[in-house]
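Listed next as C-alpha cells is one chain, alone, in the form predicted alone.
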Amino acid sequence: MKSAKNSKWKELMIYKGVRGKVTHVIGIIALVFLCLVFALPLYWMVCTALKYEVYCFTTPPQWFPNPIKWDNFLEIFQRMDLAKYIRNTLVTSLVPVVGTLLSCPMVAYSLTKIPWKGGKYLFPIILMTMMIPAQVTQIPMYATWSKLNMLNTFVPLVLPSFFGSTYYIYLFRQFMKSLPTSVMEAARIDGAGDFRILYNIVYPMCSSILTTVAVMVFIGGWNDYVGPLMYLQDSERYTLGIGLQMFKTAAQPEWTLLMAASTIFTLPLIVIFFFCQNAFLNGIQTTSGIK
C-alpha cells in the first residue's frame, strides 16, 4: 500500500513539474509573440526610413532595406527646422517635469505625513477631478488663457504643472504611505520643519517614484499634440508634434522622409526609457495599490 501511495505521489509531483514547465514555456512564447507584435511597427518605421521611395510598397514587402539610404535623415534636417522644433518641445517637456516634481510630492506629503484632519476629506475631492474628461475643460481653459493674453506662449503648457496633477499626486501619496513615519518624527524632534523634512529626507527616499513620474511627464509633454495645437499660433513656437503633422500634410507621398522624421521624433523616448527602465518599473511596482 505504501509503495502504491509513494508511486502515485511521485507521479503527481512529476505531473505538476511537467505542467509547470509547460506553463512556463507557453508564457515565454506568449511574451515573445507580444513583444514582436509591439516591436513590429517600430521596426517597420525605421526600415522604411532607410529605404528608397520605390521600395516602400513593393510586393512582397522588403523587410530589410537594400540598399540603405542614410540620406533620408540628412534630407529631413534640410526640409524641416528640427532644431527649432526640438528646442520648443524640450521647453514644453522639461519645465512640466520640474513643476510636477515640485508640486505633487508637496501635496502628497501633506496628505500622508502631516497630521491634520482635512487630509482624509481633501484627497477624495482631488481624486474626483480625474473623472472630468480633459475635453470638457478645453474650451474654458482656452477662454481663460485668452483673457490673460497668454495665447501663443508656452505658459498654458507649462504653468499648470506647478499646481499639481491628480494622477501623479495619487502615485506619490501611495508611495509615501509606505515610508517610515518614525524617521520624520525624529527629524521633527530635532527641530526640522516640514519643508526640510520633505526635501532632505522624503525626496531621497522617493528616488524611484520621482524617476517614474519624471519619465511619464516628459513622455506626455513630448507626445502632446492637442495642447500646442490649441495655444501656439506662431510657427516659431511649434513643437515636434505639430511640425511632423505639417510635414505630413506638405509631403504626404514621401513616406521615407515621413518615417525618418517619425524615427527622430521617437528615438529620444526610447533612449530615455532604456536608461530609466529599472527605476521606472521599480517606482510602479513599489507603489502601494498598483502592484
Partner chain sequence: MKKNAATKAKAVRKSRQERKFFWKGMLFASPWLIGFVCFTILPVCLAFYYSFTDYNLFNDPAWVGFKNYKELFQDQYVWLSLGNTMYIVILAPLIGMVVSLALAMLLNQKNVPGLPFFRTVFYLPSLVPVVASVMLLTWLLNGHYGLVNQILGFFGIEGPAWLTDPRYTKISLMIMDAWRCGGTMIIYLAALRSVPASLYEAAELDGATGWKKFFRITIPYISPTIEFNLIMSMIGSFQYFTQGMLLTGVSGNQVAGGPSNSLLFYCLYLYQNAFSFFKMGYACAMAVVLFIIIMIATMLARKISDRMVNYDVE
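Positions refer to the first chain, counted from 1. Heads up, when I say rigid core I mean the largest set of C-alphas that superpose within 1.5 Å between the two forms. Note that the structure is a prediction, hence the values are computed from the model and not measured.
The same protein also exists as the form predicted in complex with its partner chain; that form is not shown, yet it is the one meant from here on.
- Taking non-hydrogen atoms only, L50 never approaches its partner chain to within 4.5 angstroms in the model of the complex.
- In the model of the complex, no heavy atom of F218 sits within 4.5 Å of its partner chain.
- In the model of the complex, V107 approaches its partner chain with a heavy atom inside 4.5 Å.
- Residue contact check for G191: none of its heavy atoms lie within 4.5 Å of its partner chain in the model of the complex.
- Between 73 to 81, 204 to 212, 172 to 180, 141 to 149, the stretch whose residues reach within 4.5 angstroms of its partner chain in the model of the complex through a non-hydrogen atom is 141 to 149.
- Along 172 to 204, residues D194, F195, L198 each place a heavy atom within 4.5 Å of its partner chain in the model of the complex.
- Once the cores line up, the CA of Y52 ends up 2 angstroms or more apart between the shown form and the other one.
- Relative to the superposed rigid core, the position of the CA of Q62 differs between the shown form and the other one by 2 Å or more.
- Superposition on the rigid core between the shown form and the other one places the CA atom of V226 less than 2 Å from its counterpart.
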